[in-house]
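Next up: just one chain, as structure tokens, the form predicted on its own.
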Amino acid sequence: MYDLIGVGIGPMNLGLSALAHPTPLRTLFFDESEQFSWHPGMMIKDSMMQTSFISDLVTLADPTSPFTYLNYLRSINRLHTFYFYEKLLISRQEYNAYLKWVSTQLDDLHFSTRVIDIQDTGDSYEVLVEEVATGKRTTYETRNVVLGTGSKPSIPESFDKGVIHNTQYVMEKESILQQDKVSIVGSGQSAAEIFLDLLTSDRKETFELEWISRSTIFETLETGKLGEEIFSPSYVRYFNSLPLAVRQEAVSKFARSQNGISPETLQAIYEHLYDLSNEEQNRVKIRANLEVDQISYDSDFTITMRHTELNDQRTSTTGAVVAATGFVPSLPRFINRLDIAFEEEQAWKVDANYRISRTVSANHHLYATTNLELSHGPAADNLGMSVSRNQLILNDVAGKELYPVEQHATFTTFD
């Protein structure tokens, strides 16, 4: 009998495993991937994290843990180098290397193993898993399950199947650069990073680059200290307590905090644009206020757009399209048999301790580290909040305080 079994091994559940490691809890985590991998298609050179290295997998809960980012640096003899670096933000590649390092040290992580089904026995859950290579199936019994299946790329159905989602950008970059013209669709950080990368890459002299956004302006990330307090346990508890209608309205207001572009990226883009010759500038277009309705393919891609303010139709022909169009929660089909309570279509009802509400009474529980936007607001997918989320889950599973949670971590009073 296990205390907690996790479905999926992304940064959230990896951190949950790391924090559970020194506790008496018996845990297992399964993922069908061969090894840990975090957004390999967005490992763009010089791309930076948007959260401090302090918000690694464990530090904010236990700075003495062997799984801190600083201990990782010590293990690879880079601690003094980082000390002289004197920055809070690290590269995405370095963060990914840190995550992989942690994943190799935890014996409750099982890769190449997919969860096939979960059944409620009345007193516990039976989790059926299958080894990807052999097809061998095993059933495990656990008191609690945490669903950490993450998200999957979201591409509108009206886009041709040849459109590349930003999660595949690095793998497709070489072929993208062979085109005469490339178009990027989207207005957030991923679109900006890909635009900057193509702008600064070696390419044909006649290479054309186009960035299409439905926004009038490119929003910047909130960098004011008080503004960042919405990414705190205090605000998340407050948000979770709000009536459903208020939370639904608030979710749309937080697009800037979730989808904004870092000031450093925007500055770098502008500086590179400024240094272009007149001829080069004519081959680079940034087009705002355009809502893409359809992308079709016939020897080239045709992008059909509508101007959001003038309400007229435009088209653009291009050799490749990269869609930075976001993500939707990846929800396994077996959860439909677990009597989960929904607040609206596809949105689970989840309490302040990340426990998923069910339509049946039980003393064994389901927890969520994904599909939390409606229940937990703008911090739902924020990596900096994953530690506090995991503290609450482990405390709830243990029935006692394994990790003290800061109750008053902000200067702002939200209620």
Ligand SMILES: Cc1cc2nc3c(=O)[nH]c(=O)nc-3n(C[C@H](O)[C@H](O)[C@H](O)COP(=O)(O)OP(=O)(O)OC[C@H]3O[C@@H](n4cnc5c(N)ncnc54)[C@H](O)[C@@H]3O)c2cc1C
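The first residue of the sequence shown is number 1, and the count goes up from there. All values derive from a computational prediction rather than experimental measurement.
Unshown form predicted together with this ligand; subsequent notes refer to it.
Put simply, of Lys100, Arg314, Arg143, Arg114 only one has a heavy atom within 4.5 Å of this ligand in the predicted complex, and it is Arg114.
Residue Phe327 is the only one of Phe254, Tyr238, Phe82, Phe327 with a heavy atom lying within 4.5 Å of this ligand in the predicted complex.
Asp31 belongs to the set of residues with a heavy atom inside 4.5 Å of this ligand in the predicted complex. Looking at Ser151, you'd find a heavy atom of it within 4.5 angstroms of this ligand in the predicted complex. The closest non-hydrogen atom of Asp62 lies beyond 4.5 Å of this ligand in the predicted complex. Remark: Arg92 counts among the residues lining this ligand in the predicted complex, judged by a heavy atom distance of 4.5 Å or less.
The three residues Ala250, Glu343 and Ser375 each lack any heavy atom within 4.5 Å of this ligand in the predicted complex.
Of the stretches 345-353, 66-74, 50-58, 359-367, only 50-58 has residues with a heavy atom within 4.5 Å of this ligand in the predicted complex.
Residues are counted as partner-facing when one of their heavy atoms sits within 4.5 Å of this ligand in the predicted complex; in 1-34 these are Val7, Gly8, Ile9, Gly10, Pro11, Met12, Asn13, Phe30, Asp31, Glu32, Ser33, in sequence order.
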